[in-house]
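This document starts with one chain, in the form predicted alone, laid out as structure tokens.
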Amino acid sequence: MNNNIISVTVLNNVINMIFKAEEHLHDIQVAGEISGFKIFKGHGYFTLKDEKCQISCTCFNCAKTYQPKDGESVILKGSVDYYAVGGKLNFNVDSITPVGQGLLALKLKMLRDRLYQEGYFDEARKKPIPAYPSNVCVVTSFNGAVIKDIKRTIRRKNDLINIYIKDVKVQGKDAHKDIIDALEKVDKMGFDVIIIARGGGSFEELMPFNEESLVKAIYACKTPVISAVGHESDTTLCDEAADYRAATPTAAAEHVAYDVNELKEYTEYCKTRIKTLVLKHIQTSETDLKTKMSLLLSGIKLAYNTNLNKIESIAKSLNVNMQRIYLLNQHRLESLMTKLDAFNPLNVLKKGYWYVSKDDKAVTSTAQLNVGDVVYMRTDDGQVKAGVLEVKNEI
């Protein structure tokens, strides 16, 4: 007889440990058909089955994921759980995806990863959105509440921005081509910013905004682009390619519509502030200038007083030297006058000598005279004209 007897608790705990240790039972995806879906206190309870088998499932807080209908084919993501107390096997669900949407989501993920690798979502190349735009182009459908919400939101804060609407299809086959054509046209029109907008919708309805060609068109735009597609929980490739992603069209309008009154108040504040700073600077500069002028005048006075004594000393020395030079030159002049007076021929004439000239030339020898010549004789008090009666040479 086998004596290795264990309790139910031990058995169930061992089974639970085996389930927890098995990696292949955690974070897996299971495909099947929904049966008996019901919600109780926010949690979803149902059975997932295929042609041969079924398993009980629980989706805690099921509002966070897709809520299926009975008979719908889905893909569940979650982990196998063994409830030891009740001895029940269960699949705890993290997310529910319709089968068709699941395949589409997989393709979309692959496209997103490729475009990311190719640099189309690179943050470094994204253009800044102008803080104070003047001309805004909204690429959306005229039909629906989106454009009304954008206009109302902008006009509540700003009546200066020009809003241009480019009507396009935002749903259905080839809608992305319509949007691309519109982008290529408005990108050349000089707008400050372009908003691509549409309201919320199902996964399939938002697929035009996941087209690769639209991503590349947004990437090629010279004008900053804001993507405002769907609700906050919706994220499209258009959002990731745009220069700025707004959670909703209303949020996009809030982002571009600066408050005119706030700007006016800020401008007035800046004017007042600048005026105050300029006046303060002028006052400070004036005080600084007065201080420097006072120091300069004090320096000039000090320099003047310091150099005045030098100037007076130099002036006295110069005066003494000038007097000495004057007296010295006066003595020299008197000496020269005395010599000059001594050699003055007029003084010689005063002694009884005569100055004889002929033809305006001085007669210094008898050889210059002949009998009958007319000569002029000058003495101290006058001149005499005479004729030569006899010439006698005594040498």
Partner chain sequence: MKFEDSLKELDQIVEKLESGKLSIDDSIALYGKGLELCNECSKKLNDVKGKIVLLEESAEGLKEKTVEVE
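The structure displayed is predicted, hence computed values, not measured ones. Numbering follows the first chain given and starts at 1.
Omitted here: the form predicted together with its partner chain. The next part is about that form.
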Which one, Gly119, Pro130, Gly87, Gly172, lies within 4.5 Å of its partner chain in the predicted complex by heavy atoms? Pro130
Could you check which residue among Ser294, Gln323, Ser73, Ser285 gets a heavy atom within 4.5 Å of its partner chain in the predicted complex? Ser285
Closest heavy atom of Leu106 to its partner chain in the predicted complex, within 4.5 Å or not? no
Is there a heavy atom of Tyr83 lying 4.5 Å or less from a heavy atom of its partner chain in the predicted complex? no
Leu115, heavy atom within 4.5 angstroms of its partner chain in the predicted complex: no
Is there a heavy atom of Cys137 no more than 4.5 Å from a heavy atom of its partner chain in the predicted complex? yes
Whether Ala31, Lys216 and Thr223 jointly form a contact site for its partner chain in the predicted complex is the question; each needs a heavy atom within 4.5 Å. no
With its partner chain left out here, work out from 294 to 302, 177 to 185, 89 to 97, 314 to 322 which stretch has heavy atoms within 4.5 Å of it in the predicted complex. 177 to 185
Listed by sequence position, which residues of 145 to 160 have a non-hydrogen atom within 4.5 angstroms of its partner chain in the predicted complex? Ile147, Lys148, Lys151, Arg152, Arg155, Asp159, Leu160
